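Given as structure tokens, the chain that follows is alone and in the form predicted on its own.
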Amino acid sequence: MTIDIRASLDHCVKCTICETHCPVSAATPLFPGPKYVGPQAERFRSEEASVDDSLDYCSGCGICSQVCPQGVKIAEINSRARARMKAQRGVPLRDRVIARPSVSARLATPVAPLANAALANPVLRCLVEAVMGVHRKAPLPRFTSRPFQTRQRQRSAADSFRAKSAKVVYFHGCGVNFFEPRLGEMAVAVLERNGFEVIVPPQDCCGLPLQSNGLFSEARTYVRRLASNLAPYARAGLPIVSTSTSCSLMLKREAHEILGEDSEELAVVSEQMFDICELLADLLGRGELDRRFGEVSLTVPYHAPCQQRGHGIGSPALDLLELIPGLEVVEQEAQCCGIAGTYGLKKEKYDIAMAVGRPLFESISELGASIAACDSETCRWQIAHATGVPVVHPIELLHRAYVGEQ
């Protein structure tokens, strides 16, 4: 059953709050704003009708839906309309390639040093831009030679911090598995420190990049396969935690609302899906969090990514980080870094993405901090690319405090 998000457009009162908050329309005249391409244009669309090209400049950040006082599903309406447009006009090869990160990563992992060297070569990057349309300066992560799944299988039971009293399932996503395996190791260590036995089942991409590029049918295939893998644990009542705010939001809400997936397996997984900071903040609220933190003497700008705000859970990372002695966290007011998953990688959208994120980049640079924090992997890569400041997941700061690293 497809969710009738289109019906929500009748609640639009044209207050233009979504226009005011849209970071993309403020950065480029190519995007006339979420109200125009969303509720306003949707009234004139049909399943067969073509749509305005400007629709494709929506980044899908979701801010419009978050701020709408009438509850209009603006970003979701735009996403479905873009999928219809892509179905009519075709999807470029570039979009089909970058929308499958786990496929390209599996091909690159055996030759990771060579692949990383190639992606760092300016000449080859210019060639990739000319042939594929991926901007030569776009922030691309480095492949690892040892994916997180491999490391976890090789890990011995003696590596655990202490005996476990509860179980939790770790949904690590493509980012951790192929690009940031050390983050996965730290997440497992922090969860174990707090009494959890961490289960890491086989898993693949959540399908979000495919959905964002209008490839709904392919995205549904990934979602169904992943939900099938995770459902047995969810039915057993085990919480499923993720260090990726976008991937967890995909399983928690977006696959249902945008793709129209309503399987029992996805429903039960959705109910058990938690952001890792959300889970730890819940432990804090119950007085069960291990608060034996060592001092971490740093000033850290923190950016809550768009997808994290889409969870509607507040800012649990801030609640956790304020417990660390010596750590000064400076919450950033800028709304978006601009990358929006694969959006900012594209040749025609790179400059827009950089313009969207400029207020955030300038704020972080002005602080002169040696490190920044953000919950989303693609946002971390974008911020580090634009500022030259290393950006970590909040879990890394908690891990430092637990093990006494400075």
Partner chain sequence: MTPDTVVIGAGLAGLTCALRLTEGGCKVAVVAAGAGSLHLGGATIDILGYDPAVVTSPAAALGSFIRSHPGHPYMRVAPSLWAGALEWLRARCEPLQLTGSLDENLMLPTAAGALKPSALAPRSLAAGDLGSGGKLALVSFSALKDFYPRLAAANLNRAQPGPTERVEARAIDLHGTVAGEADPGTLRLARAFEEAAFRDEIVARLKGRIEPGERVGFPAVLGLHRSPEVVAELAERIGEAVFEIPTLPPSIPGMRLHALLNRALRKAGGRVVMGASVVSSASHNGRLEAVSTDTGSRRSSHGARDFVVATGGVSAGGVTLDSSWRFKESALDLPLAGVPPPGTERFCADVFGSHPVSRVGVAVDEEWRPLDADGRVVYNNVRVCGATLAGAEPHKEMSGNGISLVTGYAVADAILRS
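Numbering follows the first chain given and starts at 1. In this text, all values refer to a predicted model and were calculated from it rather than measured experimentally.
Same protein, other form: the form predicted in complex with its partner chain, not shown, and the subject of what follows.
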Distance check, Thr28 to its partner chain in the predicted complex, heavy atom within 4.5 Å: yes
In the predicted complex, Cys205 touching its partner chain (heavy atom, 4.5 Å): no
Proximity of Gly368 to its partner chain in the predicted complex, heavy atoms at 4.5 Å: no
Contact flag, Phe179 vs its partner chain in the predicted complex, heavy atom cut 4.5 Å: no
Check all three, Arg253, Ser270 and Leu318, heavy atom within 4.5 Å of its partner chain in the predicted complex: yes
Sole residue of Phe274, Phe171, Phe143, Tyr222 within 4.5 Å of its partner chain in the predicted complex, by heavy atom: Phe274
Residue among Glu288, Glu197, Glu331, Glu295 with a heavy atom within 4.5 Å of its partner chain in the predicted complex: Glu331
Contact segment among 189-197, 104-112, 145-153, 309-317, judged by heavy atoms lying within 4.5 Å of its partner chain in the predicted complex: 309-317
Its partner chain in the predicted complex - contacting residues of 64-89, heavy atom within 4.5 Å: Gln66, Val67, Cys68, Pro69, Gln70
